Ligand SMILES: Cc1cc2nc3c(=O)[nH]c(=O)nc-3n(C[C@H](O)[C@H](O)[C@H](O)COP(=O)(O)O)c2cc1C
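Have a look below at one chain only, the form predicted alone, in structure tokens format.
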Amino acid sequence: MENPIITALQTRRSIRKYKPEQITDEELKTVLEAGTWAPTGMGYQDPWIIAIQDPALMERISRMNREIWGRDIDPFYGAPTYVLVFGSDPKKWANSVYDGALVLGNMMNAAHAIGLGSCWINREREMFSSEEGKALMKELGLPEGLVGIGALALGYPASFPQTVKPRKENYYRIIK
């Protein structure tokens, strides 16, 4: 079935090399707004979305992530914007991680739809459960008790992957 939304979902790729130019405020707001329209359990709108473009803060976040990852490369691949997603402690709101994942997915698809690249970045749960991470969350004005769900590297792609892994056999099944 031909459909521009389906085509966008099929052509989005994780981008791991970005141009240094900062994205526009309009582009950033478009991506962030798309995140707010993700479905959430019972319409609770639990996730918290924070966009970071301050170079000193970005370096701090990148360093924290590298230390957990154990690799000395930029885990955000040189992106000019980071987007962090937080949610309630899953012990207090069981849908927290799922809701945050949907927010991140919406933002990745919106970024692709407007010509931006993105890549999901892991290790936010570990980063923000540390003392340094908790202090940073306080600096960011977030309420206590949140957990890191994930992050996005966001920017203009410097390259775009051309190869696509074929979808595995029996990925889905229809039972009638």
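Computed from a predicted structure; not experimentally measured. Numbers follow the displayed sequence, beginning with 1.
What comes next is about the form predicted together with this ligand, which is not displayed.
- Of the listed positions (Thr30, Asn122, Gln53, Asn109), a single one reaches within 4.5 angstroms of this ligand by any non-hydrogen atom in the predicted complex, namely Asn122.
- Proximity of Tyr77 to this ligand in the predicted complex falls within the 4.5 Å heavy atom cutoff.
- Mapping the unseen interface onto this chain, Lys17 falls outside it, with no heavy atom inside 4.5 Å of this ligand in the predicted complex.
- Residues within 4.5 angstroms of this ligand in the predicted complex, judged by any non-hydrogen atom, belong to 112-120 and to none of the other stretches in 134-142, 56-64, 112-120, 39-47.
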